[in-house]
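One chain is shown next in structure tokens, namely the form predicted alone.
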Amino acid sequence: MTVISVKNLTISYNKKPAIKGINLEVGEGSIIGILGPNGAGKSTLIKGILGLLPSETGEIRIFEKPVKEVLKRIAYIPQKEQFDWDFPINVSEVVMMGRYPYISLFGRPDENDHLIVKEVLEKVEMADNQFTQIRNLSGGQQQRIFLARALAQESDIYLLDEPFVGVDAKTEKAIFELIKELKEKNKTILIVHHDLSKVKEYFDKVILINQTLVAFGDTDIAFTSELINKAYGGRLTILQKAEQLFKN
């Protein structure tokens, strides 16, 4: 079943294309890495799918419907830099934001909402920090509460923009174990990622992008030295790392 359909998507900043003519058909129940050099349009693609950026051309359908009709079924974890960490709000209140799609405009969270927030905080091992102000969190803790907020939304699609940046190895492993649990529930997870050494371990499929779509498919087919070379434009350090991957 196709859960995300992207047809001829072009998005520009100041009249300069960030992504051009992207076409994708994404099925359910897989973990997909979005890879490419800096400035390739990885985050732009995520925001374009969500409808957060105006497009010059293209059509996005989620579960065969316009995005605005199914936003409840999509959870988004932005880059940490996009969040105001000085805002006076605690961990539990951030995670409760994931329940907002289920709460009426003038309503209040009910017992079930509070129970879900408690459960996901326990899942990400942040229950003891539920009343901690977000300004006092470490980088790893920040990513854990972002993930908890997404889990609280109980969505079918998860779009994660660089979720492993600024976290230690233990936190990265814990986050990825939760991502695998989502896959086991037939959820679809797209992750903007930069560490090529983890690609084979983490992703069922990869999207290689450098403004245009270079490749999309199963990792063993789309993540090859030739296609990486094409996506990264022959950048020496990237290619050396890629070549080492294929020797191992």
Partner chain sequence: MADTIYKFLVEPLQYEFIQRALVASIMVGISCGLIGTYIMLRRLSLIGDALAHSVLPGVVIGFMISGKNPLSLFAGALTAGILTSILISYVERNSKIKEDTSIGIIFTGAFALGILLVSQLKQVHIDLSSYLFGDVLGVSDSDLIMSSVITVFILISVILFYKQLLVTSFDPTMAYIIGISTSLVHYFLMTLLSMSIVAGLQSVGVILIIAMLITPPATAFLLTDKLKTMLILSVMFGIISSVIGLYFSYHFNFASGASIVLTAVLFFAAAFLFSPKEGIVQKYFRRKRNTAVNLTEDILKYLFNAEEKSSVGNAVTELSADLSLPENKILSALKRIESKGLIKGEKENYKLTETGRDLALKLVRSHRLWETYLTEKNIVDMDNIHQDAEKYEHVLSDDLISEIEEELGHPQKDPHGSPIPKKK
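It should be emphasised that the depicted structure is a prediction, and the values quoted were computed from it without experimental measurement. Residue numbers count along the first chain shown, from 1.
Quick note: we don't show the form predicted in complex with its partner chain, though the next part is all about it.
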>> Based on heavy atom distances of 4.5 Å or less, which listed stretch (66 to 74, 25 to 33, 209 to 217, 195 to 203) is in contact with its partner chain in the model of the complex?
In response: 66 to 74
> Given that the partner is absent here, does N112 sit within 4.5 Å of its partner chain in the model of the complex, heavy atoms only?
Replying inline: no
> Hey, in the model of the complex, is Y158 touching its partner chain, heavy atoms inside 4.5 Å?
Replying inline: no
> Should Q133 be counted as a contact of its partner chain in the model of the complex, where contact means heavy atoms within 4.5 Å?
Replying inline: yes
> Contact between A222 and its partner chain in the model of the complex at 4.5 Å, heavy atoms?
Replying inline: no
>> Just to make sure I understand: among 48 to 87, which residues lie within 4.5 Å of its partner chain in the model of the complex, judging by heavy atoms?
In response: L50, G51, L52, K68, L71, K72, I74, Y76, Q82, F83, D84, D86, F87
